[in-house]
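Let's start with one chain on its own, the form predicted alone, as structure tokens.
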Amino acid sequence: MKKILITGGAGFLGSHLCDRFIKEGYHVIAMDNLITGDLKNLEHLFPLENFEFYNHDVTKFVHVPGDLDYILHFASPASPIDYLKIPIQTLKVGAMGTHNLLGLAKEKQARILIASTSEIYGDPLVHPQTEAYYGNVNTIGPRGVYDEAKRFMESITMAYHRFHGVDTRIVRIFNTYGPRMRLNDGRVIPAFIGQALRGEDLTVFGTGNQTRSFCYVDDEVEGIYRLLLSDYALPINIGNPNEITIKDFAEEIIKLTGTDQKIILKPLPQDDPLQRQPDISKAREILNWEPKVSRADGMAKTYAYFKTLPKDELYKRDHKDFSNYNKD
């Protein structure tokens, strides 16, 4: 039985990856310090013999006993609300955490895949974004703590690949959605659905003409799975190229939820990208992958999930309290 370590395993995407590798017959070790993750995302796996959970911060030394075949490094705050509240920890998990896990991969002779992001492209001057594009990032802006953490992750990963011969993979993840997302975490889809369920007007920042491309979580996981098992070491975009404006998407949410809220406009946050669309030519060619789930089907499943949440979750304005967390 192959053994895989998944950091950030209690998070939205990490927990879905745990499910996938359990399904594929792997022994899965999920690691998470639960700063933004939630054990509820994994509780269905705890009875299984081929599943383990380590409550650990990967910015500290990482030890896993025995052999290890694969590592997926998905530990990082991913929503703007989170990484703006804990900017130093966000940088540390991208830098120190990645360094620790690359060292573990070297020691265990394991293949490691690191989770980069479309945010490394910043507010792009190239559209759609190809892997060859170097990006347009404000290194000293508020969002720079997340963008630069991910850019450093890519750099140190390629350094370990070239200098130490570590077997590495890099996925650039575009906007992903689905069940287990946290309500009100600052990302577009849970924010809109939360407002709709509470009967509030939908908040759109800027003119609403900025675009996003949303990929359903099952498609994202499939692309990551194929990339891990491929022979390709350079970054690959995994996302859905079906682009939509935020204003049009808000209209879709109103229609989906059967509500009659208005759309209200607020100022655009600093450095918020105006366009986001992946070029997935490499994923199609190298991985034989492209998204299969339509936005209509994916959003129906996501909305059905959010409707099952307790009312107290719906009305919480901030799901994570970092007041007692070491932010240094």
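Residues carry their position along the shown sequence, with the first being 1. All figures in this text were calculated on a predicted structure; none of them were measured in a lab.
In what follows, reference is made to the form predicted together with a small molecule, a form of this protein that is not presented.
Each of Gly8, Thr59 and Thr176 comes within 4.5 Å of the small molecule in the predicted bound form, counting any heavy atom. Here is the short version: of Ala115, Ile193, Ile236, Ile112, the single residue with a heavy atom within 4.5 Å of the small molecule in the predicted bound form is Ala115. Of the candidates Ile71, Leu202, Ile189, Val93, Val93 is the one whose heavy atoms come within 4.5 Å of the small molecule in the predicted bound form; the others do not. Among residues of the shown chain, Gly223 is not one whose heavy atoms approach the small molecule to within 4.5 Å in the predicted bound form. The small molecule in the predicted bound form comes within 4.5 Å of a heavy atom belonging to Ile35. Within this chain, Cys18 is remote from the site of the small molecule in the predicted bound form, having no heavy atom within 4.5 Å. Interface membership of Tyr146, defined by any non-hydrogen atom within 4.5 Å of the small molecule in the predicted bound form, is confirmed. Of the stretches 103-111, 202-210, 166-174, 245-253, only 166-174 has residues with a heavy atom within 4.5 Å of the small molecule in the predicted bound form.
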